[in-house]
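Single chain ahead, by itself, as structure tokens, in the form predicted alone.
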Amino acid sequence: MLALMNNMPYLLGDQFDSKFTWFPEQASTFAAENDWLFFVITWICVLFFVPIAGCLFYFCWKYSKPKGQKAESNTAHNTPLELAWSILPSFFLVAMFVVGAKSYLNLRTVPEGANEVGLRAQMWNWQLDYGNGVINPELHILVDEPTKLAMRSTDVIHSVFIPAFRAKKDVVPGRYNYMWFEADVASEKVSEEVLENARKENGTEPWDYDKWQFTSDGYKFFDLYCTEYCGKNHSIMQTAVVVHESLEDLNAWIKQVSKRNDDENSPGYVKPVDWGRKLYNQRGCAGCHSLDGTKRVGPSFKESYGNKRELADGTTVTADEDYIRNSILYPKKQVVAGYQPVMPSYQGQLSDDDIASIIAYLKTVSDYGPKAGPTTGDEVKTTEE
């Protein structure tokens, strides 16, 4: 079984220390203590189970009677033996409880001055809030610094699990929950050559974490995924945890993802359509809106810009720039017929440039062309026509 596991691709990025362990590498201050406690309890259970099971089979064999022979009463009372098997195991139970309680209280007691990151869970993605309107699906933190996650859910129960940190906590709708950890292993960064080759091969597709085993910024990472079944696409609710070595490096990453570089004369200039594609993959759009016409929780983007939309109230609108903007900021005002009003509002989370970039991207994936618009009647023609 171990050999089979070691030949399987990892879920995202965590690796095993060796082929002789079931656990991913230890990357937080909790990991070593929790693993030690787990193995101590396991071996105590084995210590008691093996002799008890052995005695069970031995007595079944020793005191078995041939078929048809009358059973004999062979009851006996041994006070010292009964006291021994009742009292001695209780010392192990009390010790396990005390050590386990201390470990649990440590997990629940957030140190003063811990760095706080907001986490929002929704079907089927994570949104990490770094303040000042910077929201990203990846969790980026500092090494050797305690980090607190202030967590909430917008729909159903989710559960945050970071295996390498040995940290797990449910995220329940209607309330805030929290967890904390201190990463003690920094993420390595791949070379620029490796990163550039991966970007070229990956193209415009959503970044393949499983394939590359590092983020689109070149950081190797740890897994974060949902361990509470939350619906049809529960299995894709995964993201990456990157541990930075310095505050300068973390701030540089936050600055890079906070907004689009709109300076056309800058070497880092990003076109609106490319920024819109990135937001589609990063902000949870891909989980609910397909690009190939497949119906998901929300309408497909392939049929979006320039198309006629029948709304749940019986009216019809054209999916132009204003409609898309209102759908992003006020999604429950104009709900497409056949869909439920479950999309959360992105008001305060996306800038005007972000929304304009998303609209630019939707124009390129619409069946009705990048500059489509209604002509006569209910028909919509592409500009190529």
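Don't overthink the numbering: it's just position in the shown sequence, from 1. Bear in mind that the values here come from a model prediction, so they are computed numbers and not experimental data.
The protein also exists as the form predicted together with a small molecule; that form is not presented, and the subsequent description refers to it.
Enquirer: Can you work out whether F30 and the small molecule are in contact in the predicted bound form, taking contact to mean some heavy atom pair no more than 4.5 Å apart?
Expert: Heavy-atom contact with the small molecule at 4.5 Å: absent for F30.
Enquirer: Is S357 part of the interface with the small molecule in the predicted bound form - any heavy atom within 4.5 Å?
Expert: Looking in the predicted bound form, residue contacts with the small molecule do not include S357, since no heavy atom lies within 4.5 Å.
Enquirer: Is N34 close to the small molecule in the predicted bound form, meaning a heavy atom pair under 4.5 Å apart or at it?
Expert: Judged by the heavy-atom cut-off of 4.5 Å, N34 is well away from the small molecule in the predicted bound form.
Enquirer: Would A240 count as touching the small molecule in the predicted bound form under a 4.5 Å heavy atom rule?
Expert: No, A240 stays farther than 4.5 Å from the small molecule in the predicted bound form.
Enquirer: Determine which one of 319 to 327, 62 to 70, 22 to 30, 43 to 51 lies within 4.5 Å of the small molecule in the predicted bound form, judging by heavy atom distances; exactly one does.
Expert: Looking at the other structure, the answer is 319 to 327.
Enquirer: Honest question, do G118, N177 and M179 all end up within 4.5 Å of the small molecule in the predicted bound form by heavy atom distance?
Expert: Result no, not one residue of the spot touches the small molecule.
Enquirer: Note which of T215, T147, S187, S304 lies within 4.5 Å of the small molecule in the predicted bound form, where distance is taken over heavy atoms; exactly one does.
Expert: Of the listed residues, the single hit is S304.
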